[in-house]
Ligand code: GRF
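Shown below, as structure tokens, is a lone chain in the form predicted on its own; questions about how it binds or moves come after it.
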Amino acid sequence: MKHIAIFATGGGSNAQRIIEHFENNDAAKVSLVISNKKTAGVLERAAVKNIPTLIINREEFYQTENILQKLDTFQIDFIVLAGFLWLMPTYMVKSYANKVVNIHPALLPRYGGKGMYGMNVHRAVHAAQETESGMTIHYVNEHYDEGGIIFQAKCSLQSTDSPDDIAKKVLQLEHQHYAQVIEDLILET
């Protein structure tokens, strides 16, 4: 069985779906949830499921490699970013080569890069009057949203859709696909 660590900054609805997907799964389980925000809702979701949590700070994450020891303690094989807003440092990308994935709320390579997360993405899609949007699951490298694309799913947009409407449509796709794509990747390794 593989052990997954989820990195998240926010409320954790994707993390919740992933945790539930792997609860009774022989392929893997979520063994650790890591956040850079003490008040992140994802920490409460993990606590309800009795999953250990870890709060990290910027200095430790970028100036040391201490987190690798912590991941080793939990025998982490695979890292999932679910709304984690910090760039992965080179040492993490190298230590977990092709074992760190992220979900992005747009069809990369469009609407990606620094500052393009959450509602920023949906407002940009809306402003450009796109007729479709979607989500992208990709490998993580040392640059925002530039790792190899693993999977994309699309949704149609109406001219009357607000950024909030777009966000709801994209989140539905994320919840529908992210956990299964993670499982498929783990089974391939």
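On a predicted model such as this, the values are computed, not experimentally measured, just so you know. Start at 1 and count along the sequence shown; that's the residue number.
One more form of this protein, predicted in complex with the ligand, exists but is not displayed; see below.
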May I ask you to state whether residue 80 is within 4.5 Å of the ligand in the predicted bound form, using heavy atom distances?
-> no
Does any heavy atom of residue 176 come within 4.5 Å of a heavy atom of the ligand in the predicted bound form?
-> no
According to a 4.5 angstroms non-hydrogen atom cut-off, is residue 13 in contact with the ligand in the predicted bound form?
-> yes
Classify residue 181 as contacting or not contacting the ligand in the predicted bound form by the rule of any non-hydrogen atom within 4.5 angstroms, answering yes or no.
-> no
Let me know which residues along 104-126 have a heavy atom within 4.5 Å of the ligand in the predicted bound form, or say none if there are none.
-> 104, 105
